[in-house]
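Single chain ahead, written as structure tokens, the form predicted alone.
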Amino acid sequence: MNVAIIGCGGMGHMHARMAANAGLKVVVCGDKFKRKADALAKKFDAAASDDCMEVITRPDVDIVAIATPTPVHTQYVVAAAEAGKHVFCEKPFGRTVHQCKEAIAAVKKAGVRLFVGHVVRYFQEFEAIKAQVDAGKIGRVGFIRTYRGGIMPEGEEMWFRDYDQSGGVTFDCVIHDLDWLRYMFGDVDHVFSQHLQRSTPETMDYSQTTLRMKSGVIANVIGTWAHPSGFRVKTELCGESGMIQYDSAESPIHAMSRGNAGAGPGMIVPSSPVPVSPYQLEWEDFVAWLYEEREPRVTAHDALEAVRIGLAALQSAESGKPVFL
């Protein structure tokens, strides 16, 4: 099957490579900035265009992979569905619940498949944690603490730093943990969130969200785009008979000076030191769904619910009050 990449930034490059690793052929790359489409297309001997809608309707395209800024995900999902193409959409699924529902309706009407890239479900470390919990190794879990983030990303035209577009760290980054917590422990009852979204003198974002799951589990979720460099993930689960801890840095103490920080990349893609990338595993799951008719690990409904929780966290941070889902 042939793939079109829409959005040729960091995640576009990642998904092009992972789609190829999963046995697909990248045939065309689209981006409103032609230089970016050209750069990615050159790596795969593919065509390039700055007309993304034209790319989507090409007859040689079977799958459209969307790696654009979040606010325009829906228009490309709908266009791809109407053109009869299967869709891989990067998270967050949409910027609003309405957008997500619109995309799901278009896909259902067209009879095509839609996969949303909540990749933490495929990280081997997090799957190992799930296996331990499911096996009862630490008993019934009562409390979870997660931490995710690092440097403030930029993106083309600094779109990540426009909180109205990206939703900031709470929505764009922490949505990974919100989805994973629901995957592990079921639906959320209510959330309470606080955040610091600063644009001057330095752009930075830091948030803390507490979730009460309907199962009674409590989770504390930290998200940060305030580090001078790097990216780090930490997770701690407390159960009746034990605890599970994970730290991607594997360093007990690490000091960083903001004043000495150099210019960082436009964004950082979390990595996993394993032979097969989690990003490839999600593509393989998507492809298996297309060929073998088996349900993938992530559904469009899961992606919609992650957006709903993320928006509730933002609403809570603005209002200073808990938000019930």
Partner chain sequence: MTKIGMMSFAHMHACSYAACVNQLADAELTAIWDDDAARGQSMAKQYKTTFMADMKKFLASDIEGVIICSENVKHRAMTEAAAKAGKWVLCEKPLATTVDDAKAMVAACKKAKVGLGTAFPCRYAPTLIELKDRVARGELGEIYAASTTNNGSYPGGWFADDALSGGGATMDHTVHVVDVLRWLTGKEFTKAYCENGRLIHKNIHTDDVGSVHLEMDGGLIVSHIASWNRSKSFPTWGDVTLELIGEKGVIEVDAFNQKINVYSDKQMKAEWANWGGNMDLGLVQDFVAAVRERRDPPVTGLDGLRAVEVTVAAYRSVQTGKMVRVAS
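Here the structure is a predicted model, which means the values were calculated and not measured. Residue numbers count along the first chain shown, from 1.
We do not show the form predicted in complex with its partner chain, though everything after this point is about it.
Screening Ser248, Gln132, Gln75, Thr210 for any heavy atom within 4.5 Å of its partner chain in the predicted bound form leaves a single hit, Thr210. Proximity to its partner chain in the predicted bound form, defined as a heavy atom within 4.5 Å, holds among Arg113, His227, Lys101, Arg161 only for His227. In the predicted bound form, none of the heavy atoms of Ala105 sits within 4.5 Å of a heavy atom of its partner chain. In the predicted bound form, Glu157 stays away from its partner chain, with no heavy atom inside 4.5 Å.
Using a 4.5 angstroms threshold between heavy atoms, Pro71 stays clear of its partner chain in the predicted bound form. Interface membership of Gln165, defined by any non-hydrogen atom within 4.5 Å of its partner chain in the predicted bound form, is ruled out. With respect to its partner chain in the predicted bound form, the three residues Arg95, Glu127 and Trp180 uniformly fall beyond 4.5 angstroms at the level of their nearest heavy atom. Of the candidate stretches 113-121, 77-85, 136-144, 170-178, only 136-144 has residues with heavy atoms within 4.5 Å of its partner chain in the predicted bound form. Within 4.5 angstroms of its partner chain in the predicted bound form, the stretch 202-223 places a non-hydrogen atom from each of Glu202, Met204, Tyr206, Gln208, Thr209, Thr210, Arg212, Gly216, Val217, Ile218, Asn220, Ile222, taken in sequence order.
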